[in-house]
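First comes one chain, alone, set out as structure tokens in the form predicted on its own.
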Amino acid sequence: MATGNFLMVGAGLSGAVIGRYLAEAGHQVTVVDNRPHVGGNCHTERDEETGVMVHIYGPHIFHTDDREVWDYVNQFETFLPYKNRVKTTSLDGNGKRQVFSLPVNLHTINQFFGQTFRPGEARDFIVNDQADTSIKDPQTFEEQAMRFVGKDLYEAFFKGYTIKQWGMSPSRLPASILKRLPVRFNYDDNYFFHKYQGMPENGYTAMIARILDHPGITVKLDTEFTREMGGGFDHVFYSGPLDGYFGYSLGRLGYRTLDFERFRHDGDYQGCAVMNYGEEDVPYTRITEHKHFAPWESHDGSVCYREFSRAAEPEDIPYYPIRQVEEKALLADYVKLAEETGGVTFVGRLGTYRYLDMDVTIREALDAARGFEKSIDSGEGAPAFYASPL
């Protein structure tokens, strides 16, 4: 098998995992990133004043059912147990502001309605007295929530937060955003339900730096990618914005971005890692307190972020693809253009214009690297996408 010389654009999870796989297969890999650090939006670093490990671009909690992916990340960093137990402030059924547990569970229901329901009683109450059973086939986020939890819980825990997060009414968002039944009829307040859940003991940046630590990999930070760079390589793996690769020639895909208001606090600010704010008149969506993401550590001081969501402008970091009808039409045009280009494979959240959890990003990166290696062996050309954006 011939040795190749490949370029990874982006030193986040996609570029690191694909680059490591190809380097271990004997190829030469160059990784470029326009930021001064590896890790992409997963970047973590110690706060100099408090010593708290801070998730610079917002918290990232690792959770998966994929054993291979779990074993993969644990090769490069020790993952310690962590359960994401989210709280939210909102008004209860009597208009009193309280702190509730999310996702909506038996304790949330009893607290909100001032009841002491058992699981079966709570289920009957929600199904028979709260849920809007006239909605047979929910098409929007609002209809999905109303169908399964009813007006009161929807307005307390979903409506205001969603308007702030997405900048539009939930009646304009697809039902798929609310992917699963948004209520539990037990006292389980673990936000995720996956078998493997944890946090890297020394942060994500340390983990990704170890993935990239291979003699076949050269990392160049503070380096802006241009398409002309690709001419010096056998193939390019691009994890930047799909529309950005083509200079936004067809128009810009829509994203939401986040603004962070960082502040320190002496002691414990809120007693939990994530506190959502469900009321629309509170301008931020949540406050995250980062020392709680590493419960095995002890810190006197604290570092917190208030998060504000808004539409991304050209110079902003894109976080969440909007994927409304107009974006999907433009996406299809970019996909066609990418498939006609050759010599480049688009990967990751930005390259495929999809919201991806970290474990899915790693899974797709491993699959892409393996698929690419097979294409080398067979002499076939590599596709523009190993995971379809459409």
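None of the values given here were measured: they were computed from a predicted structure. All residue numbers refer to positions in the sequence shown, first residue = 1.
One more form of this protein exists, namely the form predicted in complex with a small molecule; it is left out here, but the text below deals with it.
- When the small molecule is considered in the model of the complex, D357 lines it closely, a heavy atom lying within 4.5 Å.
- In the model of the complex, G10 approaches the small molecule with a heavy atom inside 4.5 Å.
- Interface residue remark: T30 is not counted as part of the site for the small molecule in the model of the complex, having no heavy atom within 4.5 Å.
- Although the partner is absent here, I126 lies well away from the small molecule in the model of the complex, with no heavy atom inside 4.5 Å.
- Exactly one listed residue, out of L331, V344, V52, I61, brings a non-hydrogen atom to within 4.5 Å of the small molecule in the model of the complex: I61.
- Between the small molecule and the residues F246, Y319, F193, Y284, the one pair within 4.5 Å by heavy atoms in the model of the complex involves Y319.
- The candidate site formed by C42, Y57 and G240 is fully in contact with the small molecule in the model of the complex, as each residue has a non-hydrogen atom within 4.5 angstroms of it.
- With the small molecule left out of view, the stretch that reaches within 4.5 Å of it through heavy atoms in the model of the complex is, among 322-330, 335-343, 33-41, 66-74, 33-41.
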